[in-house]
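One chain is shown next in structure tokens, namely the form predicted on its own.
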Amino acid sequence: MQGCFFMNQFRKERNKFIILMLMPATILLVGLTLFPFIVSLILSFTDYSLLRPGQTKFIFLNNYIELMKTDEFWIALRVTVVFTVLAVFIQVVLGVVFATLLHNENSNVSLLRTLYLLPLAITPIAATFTFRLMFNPSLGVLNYFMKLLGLEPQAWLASPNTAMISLIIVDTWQWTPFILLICLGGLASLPTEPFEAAKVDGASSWQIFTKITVPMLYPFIGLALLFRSIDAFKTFDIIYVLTSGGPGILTRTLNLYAFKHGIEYLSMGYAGSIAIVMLIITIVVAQIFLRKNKLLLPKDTLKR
């Protein structure tokens, strides 16, 4: 009986210690995420503006109704979806291919693996300003090499034909190593027997990659795809620094659309409704992906 008593006391003290240790992180999480979300949600049901803070009215769903009627919102949504789909697709393909090529204990490969991961260690804003200089029509290194090759120089960030491509290039350079890192971890955890058996049976490298490596990596690819899709959907810094949504509104995403109304027009209620819509879209797409996408996340993987 005494043993049970002391065991129960130990468990209670351990639980108290765990709660105490988690308390600072919980308070920080609530302060940085839950509180701003609640404020944004409340503001989205009002016409609150920093230009007339004392004249705020509760307008219920009017912001959302107006948002659905605005062409700029649907254009921004389309731009956001196009950027997210193209950037994430390219990053996943490159990440899986590079991870497979770098999954080797050779010392030279280890050095290359470190070099490929360097973009993750660079501050995104600093890297973006560097790319902005590279894309410069007059001084940029890209147009310099194009002239050497006899090609026509491009106004990379100002042309409707290349602005989105430029954004995708920068985002791909920055975040492909993230996919690479997850896939490398997945490859390290895979059993070696299927690969050895395939080699004994005379399978080619391409057959091993397509029939064994990729299918066994599906759970890890799905995880990377989900994380990167959510992050790419709310990309702001790269687009703001490089194009600011231009030329015109051709690269203005929902994040920039919210920034325009909240920071430039000081219409915090309308900007809050855009942010809430973005959150709803993210949650819905993530749930659909987790529940229905059996290709990348098999049902037995989700159950585990």
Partner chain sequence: MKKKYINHLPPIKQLNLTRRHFVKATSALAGAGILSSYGLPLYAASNVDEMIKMYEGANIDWQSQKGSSIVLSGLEHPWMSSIEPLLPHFKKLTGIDVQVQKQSESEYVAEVPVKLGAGNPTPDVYMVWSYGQAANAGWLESLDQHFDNPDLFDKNWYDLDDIFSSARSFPIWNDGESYVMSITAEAQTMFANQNMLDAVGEGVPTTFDELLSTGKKLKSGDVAGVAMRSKADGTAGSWPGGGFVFSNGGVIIQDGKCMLDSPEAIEAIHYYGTILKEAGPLGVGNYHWYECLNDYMQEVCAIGMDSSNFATDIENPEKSNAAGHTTYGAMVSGPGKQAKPNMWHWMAGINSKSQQKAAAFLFLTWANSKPTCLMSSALGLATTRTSAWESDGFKSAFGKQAATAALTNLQNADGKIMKDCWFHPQSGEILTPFGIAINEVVTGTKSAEKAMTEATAKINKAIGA
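Positions refer to the first chain, counted from 1. Treat the numbers as computed from the prediction; the structure is a model and nothing was measured.
One more form of this protein, predicted in complex with the partner chain, exists but is not displayed; see below.
Each of P53, L242 and E264 places at least one heavy atom within 4.5 Å of the partner chain in the model of the complex. In the model of the complex, the partner chain stays beyond 4.5 Å of every heavy atom belonging to R113. Among residues of the shown chain, E72 is one whose heavy atoms approach the partner chain to within 4.5 Å in the model of the complex.
Remark: T172 does not count among the residues lining the partner chain in the model of the complex, judged by a heavy atom distance of 4.5 Å or less.
Looking at E66, you'd find a heavy atom of it within 4.5 angstroms of the partner chain in the model of the complex. Partner contact region in the model of the complex: 246-254, out of 38-46, 246-254, 25-33, 272-280, criterion any non-hydrogen atom within 4.5 Å of the partner chain.
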